[in-house]
Ligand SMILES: Cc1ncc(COP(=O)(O)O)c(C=O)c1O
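For reference, the chain that follows is the form predicted alone, supplied as structure tokens.
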Amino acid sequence: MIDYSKYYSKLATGIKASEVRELLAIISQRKEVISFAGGIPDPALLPREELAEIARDVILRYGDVALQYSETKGIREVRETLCDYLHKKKNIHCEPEGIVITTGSQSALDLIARVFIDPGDIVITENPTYLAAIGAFKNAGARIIGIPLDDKGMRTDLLEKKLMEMPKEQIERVKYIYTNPIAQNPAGVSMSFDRKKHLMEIASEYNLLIVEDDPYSYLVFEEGVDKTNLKSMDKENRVIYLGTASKILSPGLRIGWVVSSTDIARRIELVKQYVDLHSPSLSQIILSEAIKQGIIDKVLAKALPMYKSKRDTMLKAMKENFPDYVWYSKPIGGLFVFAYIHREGFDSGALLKKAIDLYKVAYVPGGSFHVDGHGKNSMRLNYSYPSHEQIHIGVQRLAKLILESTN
């Protein structure tokens, strides 16, 4: 038997498994378990027939392009379609040469980390924040500084205070501020317009870049929430904007995009050449046709009331069943509720196996979303995938786990 350990890189031996991906692999074999773990769209929203027709038509009409290799940054027609769509829907002005099509937005996070981060560089994030972004940045060797959230998003006053306290040589190593400003994952809150404006002013004053991760701004279902994207406010080309088709069309297409300056786009393209050559040509053209035919708009028209209703079901069940020492967010959009169990010693990660095996319910432990070692008493709960009945039953099971583990 060969001992392979001496061959592995420091990254391979030091990397930690994604709790979400590991959970999904386990739960897929456990049909009796109600899962609040993944960020999975409701299957009823996937436009199967429409995508089947598009796929057939694309292969027959665009076969020479759709079934071949393509440019690393993406098929130009697709990039042009995305530019038009982002301008229409988000007031984001871009050029095709400033877009890179990626294999989902997770690939975009990895590419951005490769382009900007050397070991020891600093990335500033919200805290808590998207766990797979934390992983991508750490894999590149970043030190991460977390800024607390409240119901108006990142505390930009605390961000400014942190930067004011940092020595100049440390600020020089801050490569970017990473934010998920609208329907934030995992908290479900959105940054107020005043804070967005303040964040842009801070970035300008300290000469920093901003990476805006935007999977959920299309899925805001509360009225009166500011949905202005940072990129639409960007007058200095400081914002690198990430989008994805996963939550608004189909995660199986594995298509995302990065909008930036042409200089940054070129750097990302060069790195991507050696990562995956290019993202799937067929998926790119399917996305382009889905945009042109209005299919994404049809999906969103069904998704918004459906997800709002499911969120309401989860919040109602939590109010009725959770003890009063559990705090949970009231998301304005997106797919998640985040909860903190305020009892000493409660460790959601340590209890996960028990939750799955004994209580037949799954969640994502919240510690992975925190960059500073906190959050062991927290958990992220997804409401988009399970049915209303499963949400009600699953929350009851979860409440029982919490009560029996804290008494």
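All residue numbers are counted from 1 along the displayed sequence. Computed from a predicted structure; not experimentally measured.
As for the form predicted in complex with this ligand, it is not shown, yet the points below apply to it.
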item: Proximity to this ligand in the predicted bound form (heavy atom, within 4.5 Å), stretch among 168-176, 209-217, 194-202, 276-284; value: 209-217
item: Tyr130 within 4.5 Å of this ligand in the predicted bound form, heavy atoms; value: yes
item: Contact test in the predicted bound form: Gly135 vs this ligand, heavy atoms, 4.5 Å; value: no
item: is_contact(Thr72, this ligand) in the predicted bound form, heavy atom dist at most 4.5 Å; value: no
item: Arg254: touches this ligand in the predicted bound form, heavy atom cutoff 4.5 angstroms; value: yes
item: Single option in Val239, Leu109, Leu159, Leu82 placed near this ligand in the predicted bound form, where near means a heavy atom within 4.5 Å; value: Leu109
item: Interface residue in the predicted bound form among Lys247, Lys272, Lys310, Lys231, criterion: non-hydrogen atom within 4.5 angstroms of this ligand; value: Lys247
item: Residues in 176-190 with any heavy atom within 4.5 Å of this ligand in the predicted bound form; value: Tyr178, Asn180, Asn185
